[in-house]
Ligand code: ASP
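Next up: just one chain, as structure tokens, the form predicted alone.
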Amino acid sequence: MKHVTILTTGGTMAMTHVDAARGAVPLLTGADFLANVPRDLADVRVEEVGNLPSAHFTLEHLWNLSRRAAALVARDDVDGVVVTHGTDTLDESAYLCDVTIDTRKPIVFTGAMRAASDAGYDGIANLVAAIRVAASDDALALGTLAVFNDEIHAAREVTKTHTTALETFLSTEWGPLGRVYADRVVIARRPTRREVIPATRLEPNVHLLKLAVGMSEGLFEYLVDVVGARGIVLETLGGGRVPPWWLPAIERAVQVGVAIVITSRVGAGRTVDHYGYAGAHRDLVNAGCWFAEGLSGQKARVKLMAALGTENARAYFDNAG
């Protein structure tokens, strides 16, 4: 029987309604989860890392969680790890594990959209599916995963797409890797594994800005000149475009050593185009920006924080989108 360790961190999955709080708060423990998990899935153990809404997570929480998952999958007596996590920032925590942990063993994130006191609580169903994946040989060497609604998604690709829907976690460009059935785990495609970043820390002074029509570059300049940002991720327009009045500020930031990473606000697809007007993709290439390989803005920030925790951050980003 496979050995799976569950790391619990809180989130809606651990929440139940409390009258005094006038809403749901995280109260359920690992023992509560174990009591509802079938014994024939795996030899399941639980470690309680925390019990917080993921909106309360700090970078220290994020880093420590990834280091604990890394330590567990390095052990001979652990075949897979499941992380229960709030859905607000789950894609960031999962992607940090994916990009910093070099392992063939499954690390599987899951959570719930409904609290345990709500009708139709989805937490246990998602947890059971995640354990099945973590204990499956078919899930080896897929990188870190997210499992919701019996769908298996790559951490690099998955994102939360709806504030309340049960089917909120989707891989908008390529779709799920596979599905969990009652009798087996089916993997329909295997993603190309990218490099693992040997980060020793996360650089905290990294920021994320989303561009919109007519937007001033003032906040960008504030981050460079006053905050002293080490890195800034720009969710640019379309396939990697900015208003022309942003170009001088971007060029100056690169010249003073700020890592400027380009992604798109669209939500899927690489940053690339064939335009020749000012502010188009080629101007960002010529300015010395780095490109985030189709990542969302929040994941590009996670990657940049990890990369800046190494001796050669530049090596982990594309030259031209």
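In this text the structure is predicted, and so the values were computed from the model without any measurement. Numbers for residues come from their place in the sequence shown, where the first is 1.
Here the subject shifts to the form predicted together with aspartic acid, a form of this protein not shown in this document.
**Student:** Tell me, out of Asp118, Glu221, Asp88, Asp138, which residue has a non-hydrogen atom within 4.5 angstroms of aspartic acid in the predicted complex.
**Tutor:** Result of the distance check: Asp88.
**Student:** In the predicted complex, which of the listed residues (Ile152, Ala112, Ile107, Leu96) lies with a heavy atom within 4.5 Å of aspartic acid?
**Tutor:** By the 4.5 Å heavy-atom cutoff, the listed residue in contact is Ala112.
**Student:** Please determine, with the chain shown alone, which of 274-282, 257-265, 49-57, 290-298 has non-hydrogen atoms within 4.5 Å of aspartic acid in the predicted complex.
**Tutor:** Contact-bearing stretch, as computed: 49-57.
**Student:** Is Met15 a contact residue for aspartic acid in the predicted complex, using a 4.5 Å heavy atom cut-off?
**Tutor:** Looking in the predicted complex, residue contacts with aspartic acid include Met15, since a heavy atom lies within 4.5 Å.
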